[in-house]
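Starting off, we have a lone chain in the form predicted alone, written out as structure tokens.
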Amino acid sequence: MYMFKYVMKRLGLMLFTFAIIFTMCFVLIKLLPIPTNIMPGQDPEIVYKTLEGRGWIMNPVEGENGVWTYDRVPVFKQYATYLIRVFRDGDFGIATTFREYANKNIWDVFVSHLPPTILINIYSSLIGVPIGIGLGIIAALKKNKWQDQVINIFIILLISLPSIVLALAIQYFLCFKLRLFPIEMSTSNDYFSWPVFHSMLPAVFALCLGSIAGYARYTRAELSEVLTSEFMLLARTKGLTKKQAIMRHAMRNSMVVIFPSILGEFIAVLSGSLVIEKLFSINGVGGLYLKSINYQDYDFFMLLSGFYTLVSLTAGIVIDISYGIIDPRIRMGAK
């Protein structure tokens, strides 16, 4: 019962926070000038009527000199219109100033770009989690020995270097010098074929290196603390071997902290692949987000801002809820 109340409370707070952030994004973006660039071959009347139909402007009129004038719709009236379109009609808008996808449905474009973003994050987690936890376990079991020192140096280097530097180093050495991988990801939509998977690997390595360092650090810290706990001494005095005590008690208790971080890292890493997607020319959501800002396509910006905000908030709530699921002794929300 306590867990149920806690989950409901966290979900409510998450939705409330999401609503505040989403509203702020909409208001701030609408304070900017309305982009009304007429592309070659476009009819200005159609462009302005489209903006009027989307609820952005009203009373568009063409002047004698060919210059159009219009009145701005109040921001919160625009917001109400936008929410009605989204929740009642499932209409996230059409691309207006995003030249590559002009007049296309924004939701369809977003869904078509989602698979590569999700896949590179899944692959980075599948590689980073076992390696990071394995290195952390070795470092904890060999604490203050040469193995621990080497792993600590490796962890410090990965944590200290920004992800963009690691990505550029991977591009230079593995892709350019050694020619083991292509510099850019394949443009094919056959995401589960070997050529596409092979072209994804540099971006996957760039993403998972930071995760490896994080998992190794957390695992070493938690396992080292558990190994020196009093219940471990009690387990040994009851006749358990060192290996049995570690497997049955130490690993189990240290995973209470480590496993939720794995779940949260997998979700949160979706919001951290913007720069990586740009560097490796991955046709994912990250590149779409950056381009929507450059083109000032507000409907695109709102959908993608909502996506990344929801991803970040979901990561936090998944971590909190998973504590109570993994360890029944933890009663979230209990007094």
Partner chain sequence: MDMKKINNINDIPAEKFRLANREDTSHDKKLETKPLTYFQDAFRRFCKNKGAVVGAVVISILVLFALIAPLFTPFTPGYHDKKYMYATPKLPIAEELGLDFWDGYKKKTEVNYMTYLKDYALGLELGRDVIKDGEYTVDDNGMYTYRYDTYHGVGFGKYKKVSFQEYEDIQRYQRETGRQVLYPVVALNDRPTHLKNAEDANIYYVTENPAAATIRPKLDADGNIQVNYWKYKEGTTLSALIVPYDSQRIEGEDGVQINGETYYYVYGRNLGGSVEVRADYYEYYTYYHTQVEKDGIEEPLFLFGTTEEGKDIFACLSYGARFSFIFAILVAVVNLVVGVIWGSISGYYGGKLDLAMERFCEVLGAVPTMIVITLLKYHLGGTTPQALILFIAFFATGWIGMAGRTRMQFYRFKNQEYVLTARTLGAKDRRIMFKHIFPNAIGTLVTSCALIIPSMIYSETSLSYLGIINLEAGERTSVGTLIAAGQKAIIIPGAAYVAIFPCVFLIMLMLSFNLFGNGLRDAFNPSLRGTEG
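Here the structure is a predicted model, which is why all the values come from computation and not from measurement. Numbering follows the first chain given and starts at 1.
Although not depicted, the form predicted in complex with its partner chain is the subject of the following passage.
Heavy atoms of no residue among L15, F98 and F110 are located within 4.5 Å of its partner chain in the model of the complex. Out of the listed residues L180, V196, I122, L157, L157 is the one that sits within 4.5 Å of its partner chain in the model of the complex by at least one heavy atom. Listed residues L161, M247, L141, A80 were compared with its partner chain in the model of the complex; L161 is the one with a heavy atom within 4.5 Å. Its partner chain is not drawn, but in the model of the complex it has no heavy atom within 4.5 Å of L114. In the model of the complex, none of the heavy atoms of T50 sits within 4.5 Å of a heavy atom of its partner chain.
Its partner chain in the model of the complex comes within 4.5 Å of a heavy atom belonging to Y289.
Although the partner is absent here, Y298 sits close enough that one of its heavy atoms falls within 4.5 Å of its partner chain in the model of the complex.
The partner is not shown here, but in the model of the complex the stretch 203-228 reaches within 4.5 angstroms of its partner chain through a heavy atom at R217, R220, A221.
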